[in-house]
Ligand SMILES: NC(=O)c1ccc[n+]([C@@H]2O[C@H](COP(=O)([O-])OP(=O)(O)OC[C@H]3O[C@@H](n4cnc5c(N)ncnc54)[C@H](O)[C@@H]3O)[C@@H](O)[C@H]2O)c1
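Only one chain comes next, encoded as structure tokens, the form predicted alone.
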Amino acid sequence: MEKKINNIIISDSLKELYFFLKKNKFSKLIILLDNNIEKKCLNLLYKDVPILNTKKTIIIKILSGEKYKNLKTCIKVWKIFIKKNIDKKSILINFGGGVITDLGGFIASLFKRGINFINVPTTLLGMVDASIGGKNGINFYKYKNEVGVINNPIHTIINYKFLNSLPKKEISSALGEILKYGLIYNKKYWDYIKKINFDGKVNWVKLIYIAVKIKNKIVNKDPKESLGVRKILNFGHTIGHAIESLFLLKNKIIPHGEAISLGMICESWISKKVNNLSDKNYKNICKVILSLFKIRIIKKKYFKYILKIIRNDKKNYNNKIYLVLLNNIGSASFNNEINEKLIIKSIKKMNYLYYKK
């Protein structure tokens, strides 16, 4: 079964990548991956795309993890590019999860003012979010995705069979982003997701296809985020990224989807206070999220740091904080000015849910 959305292909193989590389004569083929993907998925890539299984292919391996999505890693890769004489007719294949596609897209977009790249996501989060929409970037100075560019790959090729190699926690990490699509844009999708038993058989093609279709529609309305419409994709991310950054500061890792889900609980509560989201819908959102994720207590001593991160959020301007909020399940609005006291109250309310549970 295969689905196509513009330059995005969802199927149970990578044959489209094979045909594309065979048809186009690139001067150099480069694969960017991390040490985990090399062990778990590289043989499957070679099986579907034997043209890559030669000595001519340049393999660049980095350490896995969000903390390596930084300028130091970029410099390391760019030095290898120069050493291997990578030119404008080369192509970079970003083979991995969200860290690899974010980082690889950024590296390719800046080298020699831009070389072509393809995303081949191997995680559910990469398939439904990170590899779609053209946002590429790195973390900088403890801030999440602080430096980046918007630049689309030639193709994004999604083989859902890679999900078989993932531990359960990697699947659940993506569910935050998947839930978000239903909350901001499509109530039917929300109702569909919350009924799925992720411990059983899942129709991955349908789940991924609808998520990608929603994100693609929103991105196409506002490719460079100049109109503001694309901002709704950041629901849960303002507070969620601050929580993620806090864990990075403490040299701990919280899965991205989990952090965003906690952000969505907080921002749903603010939506109730500011945008008249019904209490019934707020409780529904909390119930679904808490069935998939646990609450992480944010201690009072970290509130100032959380606010420091939020003040630096890309959606802010004129020293004012703006959030994406829900009007209803399936509908969101952007540029909602929010004061800091309300943000702290929302975190306290989230903490309360932990004790209530």
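Quick note: we count residues from 1 along the sequence shown, nothing fancier. Source: prediction; values computed, not measured. Between two forms, the rigid core is the largest collection of C-alphas that superpose within 1.5 Å.
What comes next is about the form predicted together with this ligand, which does not appear here.
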item	value
Among 94-102, 76-84, 202-210, 107-115, the region lying within 4.5 Å of this ligand in the predicted complex by heavy atom distance	94-102
Site test, 37, 165 and 215 vs this ligand in the predicted complex, non-hydrogen atom cutoff 4.5 Å	yes
The unique member of 325, 32, 329, 41 whose heavy atoms fall within 4.5 Å of this ligand in the predicted complex	41
Contact assignment for this ligand in the predicted complex, among 145, 284, 151, 172, heavy atom within 4.5 Å	145
Residue contact check: residue 64 to this ligand in the predicted complex, 4.5 Å heavy atom	yes
Heavy atom of residue 135 within 4.5 Å of this ligand in the predicted complex	yes
Residue 268 within 4.5 Å of this ligand in the predicted complex, heavy atoms	no
Interface membership of residue 123, this ligand in the predicted complex, 4.5 Å heavy atom rule	yes
Partner contacts for 279-295, taking this ligand in the predicted complex and a 4.5 Å heavy atom cut-off	none
Residue 314 C-alpha relocation of at least 2 Å between the shown form and the other one, rigid core basis	yes
Did residue 244 shift 2 Å or more between the shown form and the other one, C-alpha, core superposed	yes
